[in-house]
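In the form predicted on its own, a lone chain appears below as structure tokens.
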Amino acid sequence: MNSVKVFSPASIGNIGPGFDVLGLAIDGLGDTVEAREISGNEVVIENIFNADHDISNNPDKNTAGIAAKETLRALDIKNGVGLTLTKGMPSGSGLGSSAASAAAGAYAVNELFNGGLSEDELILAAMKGEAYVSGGYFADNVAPSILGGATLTQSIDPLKVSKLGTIDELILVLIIPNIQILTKNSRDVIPNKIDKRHFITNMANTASITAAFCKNDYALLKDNLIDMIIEPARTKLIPWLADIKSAAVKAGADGCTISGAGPTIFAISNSHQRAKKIKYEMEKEFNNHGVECTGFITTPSNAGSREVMMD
């Protein structure tokens, strides 16, 4: 029987002030889905490996399974599909874990049946899976996970997503604390009303970040990760955030903020030497607060979901 194996990268949602609009694929972390044709006409989650908590093998309650079923529906194919999911990052970390699973599920099924769907159709299928765990439809994680690089979601209905590109100089320092914050809970603390001045600041910073990725210009990105609206509201879920950010900036970071819904925090630099110092100081500050964490130094991934070799 036919089978394929697909890797989808992790992602940073929002990129600071770009709430539900900007996203960035990152190198070195992601989820893998193997899809194979099976008898019958159902989607079956056959195995789940390397999960840090219980993930349902019910295809109606699993982001990869939901996305796979949506892809089959869009292709108008009734065949049975068996899925094996291998997690490559912690769940509830703010790195698009559920989105990567959904993206890989959609992409793998599409490849299994000769790739009949467009990128937008794949994003829509993956969004269905992501919505199950996040409680809403947005593409700031699934879009970069499928397309790679930085992406801009211009509209959800109808879907309109643009790939902006990447920044060659950009180095990302990711610190993943050993705690979990679910996207649904993180969205519950978002304010219903905002100050006009904060809106203007966020809009200006989001525009600068968008231009930076379009122009491959690190100078336009630095100092513009400031979020005056969402980040302050989420500090109640990440009470040590200010201290971590202060440690990163003192170590030479050109910006530091929450990745997606959190609790992962990321800082930026264009120097590998400074990135090592930033990582050390951020980890040290986490430890000072009694929080275990894992640090990574990585870069954007200009490649999105792609087929990889079977073992």
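None of these values were measured; they are calculated from a predicted model. We number the residues from 1 along the sequence you see.
Another form, the form predicted together with a further copy of the same chain, is not on view; read the next lines as being about it.
In the model of the complex, no residue of the candidate spot (169, 279 and 289) has a heavy atom lying within 4.5 Å of a further copy of the same chain. Note on the interface: of 70-78, 119-127, 103-111, 151-159, the segment with non-hydrogen atoms within 4.5 angstroms of a further copy of the same chain in the model of the complex is 151-159. Not displayed here, a further copy of the same chain is kept clear of residue 137 by more than 4.5 Å at the level of heavy atoms in the model of the complex. The shortest heavy atom separation between residue 163 and a further copy of the same chain in the model of the complex is within 4.5 Å. Taking the partner from the other structure, a further copy of the same chain in the model of the complex has a heavy atom within 4.5 Å of a heavy atom of residue 18.
Contact between residue 191 and a further copy of the same chain in the model of the complex is found at the 4.5 Å heavy atom cutoff. Of the residues given (133, 220, 237, 241), 220 alone sits with a heavy atom within 4.5 Å of a further copy of the same chain in the model of the complex.
In this stretch, 114-144, not one residue has a heavy atom within 4.5 Å of a further copy of the same chain in the model of the complex; the partner itself is omitted from this view.
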